[in-house]
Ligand code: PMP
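Quick heads-up: it's one chain on its own, the form predicted alone, in C-alpha cells.
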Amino acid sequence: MAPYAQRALRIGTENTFRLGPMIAQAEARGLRVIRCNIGEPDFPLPDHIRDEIKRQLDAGNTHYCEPQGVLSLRDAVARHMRAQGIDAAPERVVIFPGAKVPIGFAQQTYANPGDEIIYPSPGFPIYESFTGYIDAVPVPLYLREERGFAFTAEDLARLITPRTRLMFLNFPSNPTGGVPSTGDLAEIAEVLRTRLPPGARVFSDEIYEDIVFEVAHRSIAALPGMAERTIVVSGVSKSYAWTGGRVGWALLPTVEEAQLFRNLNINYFSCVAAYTQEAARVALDSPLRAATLQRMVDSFRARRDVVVDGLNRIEGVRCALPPGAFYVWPNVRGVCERLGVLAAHAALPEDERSRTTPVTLLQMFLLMRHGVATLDRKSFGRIGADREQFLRLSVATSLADLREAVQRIARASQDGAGFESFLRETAGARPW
C-alpha cells in the first residue's frame, strides 16, 4: 500500500527547477550551458535594500511578528496600489513568503472539489497543477498566437459557468509577456462583472507589473466594480531582483478574507521574517526605486530586441515582440518539422509519448547537445500542450550569452544528424 495521500500524487511542479539536474548532467559532459530557463533577474539586489536588511539584523529584528505582515509594509503596499488607482487599505493586505503562496491559498479558500478554476494557458504552471491538487476542475483559457497571445472577452465568457469559483489573470504574462490593451482590459472586466457567479473571485497576478516596455501596466482592480471581487498579488522577486527574499503580498477584497488568509499563514509558516519585510518596505518607498527599476527595464528591453531579432532570422522560427516581462516565446514548429521532431514523437512507445511532447524533445536536444537551457510549452500548462510547439527563453542573462544562445539554436535547427543520434542515445532513458 502506497504511503501517499492521493492528492500528493496530483500536484505538479515547475519544470524550471526540475531542469537543474539535467543541466548538471550536460555540464558534466563538458558543455557550457547557457541558462535561458530560469525566471530570475540577473541583477544584484539594490544597495539601499541590502543595507536595510543589514540594519534590521543589527537592530535584532529577527523574532516572530504579526502573521498578517508588519503594518509598515502593509501600509506601503496599500499606498503603492492606491497610486495605481486601486482601492486599497492595509487591513486588507496580507504578506506571504513570495507571491506564489497566495495562488494555492486562494484555490484552497474559494474552491471545493468539483468547482471550476479558469486560468491562462500557456501560463504560470502552478495555476494548473494546484487546481488538480485540490480536486477542482481545470479550465484552461488558451492564449492564441494569432491574437498576440491575448484573449477576448468572448473567449472568457464562453468558459464561465455557475461552477466557476476563481479566474486567474496574469499581466504582464509569464511566459508570453502579453499585456492587454486598455480596451481589451475594460471588456474583460465587463464580462467578469456581469458573468461571474456571486462570490467568485478574480486573482490578478501582477508580479511583473514593473517590467513593461512600450506599454503601461494597469491593474484590472482599478476598473469600476472590480476591487470588490479581485485579489491583487505582487512581490519583490522580479521588480527588485530579490527572488531569495521571499516577500510577496495580496490585497483581498474584504477584511474578512484577509483574516482567512492570515489564519492560513499561521497554520503553514507562522509569519514572514520581519527584517525582510522592512527591507521590502524600503524597496517600495525609497526615492531610488524609479531609477533602479528603469535601469533594469532598459537592459531587459535591449536584450529582448536582440533575441527576438536573432530568433526571427532562423528558418522555422517565428517570435513576437513581447511588451512585458523578461521572456520571449518563439514558435519553433518549423524547426520541429525540419529536424523530424514531430515524426520522432509520433513513433515513440505509447507510454513515453503520453509523458512528453514533440517540443520537449527539441528542448532536451538543445540542452544536451547544444548547451542551451529553455523550457517547453507543457511547462506552462499540460492540458492541450501537445498541439503547440513553443519554447520559452528568459532574457535574464548577459547579452553576450544571449547572442551565443541564439547562434547555438540556429546551428541546432540545421543539425538533423545530431538530433537522430540524440534520439538513439537517449532511447529508454528519457525521464522527461
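Because the structure is predicted, anything quoted here is derived from the model rather than measured. Sequential numbering from 1, following the sequence displayed.
The same protein also exists as the form predicted in complex with this ligand; that form is not shown, yet it is the one meant from here on.
A heavy atom within 4.5 Å of this ligand in the predicted bound form is found for exactly one of 261, 208, 130, 300: 208. Of the residues given (164, 357, 237, 276), 237 alone sits with a heavy atom within 4.5 Å of this ligand in the predicted bound form. Taken together, 100, 170 and 246 are fully in contact with this ligand in the predicted bound form: each brings a heavy atom within 4.5 Å. Interface membership of residue 174, defined by any non-hydrogen atom within 4.5 Å of this ligand in the predicted bound form, is confirmed. Although the partner is absent here, residue 415 lies well away from this ligand in the predicted bound form, with no heavy atom inside 4.5 Å.
Looking at residue 124, you'd find a heavy atom of it within 4.5 angstroms of this ligand in the predicted bound form. Heavy atoms within 4.5 Å of this ligand in the predicted bound form are found in one stretch of 238-246, 153-161, 183-191, 292-300, which is 238-246. Contacts of stretch 7-35 with this ligand in the predicted bound form, defined by any heavy atom lying within 4.5 Å, are made by 14 alone.
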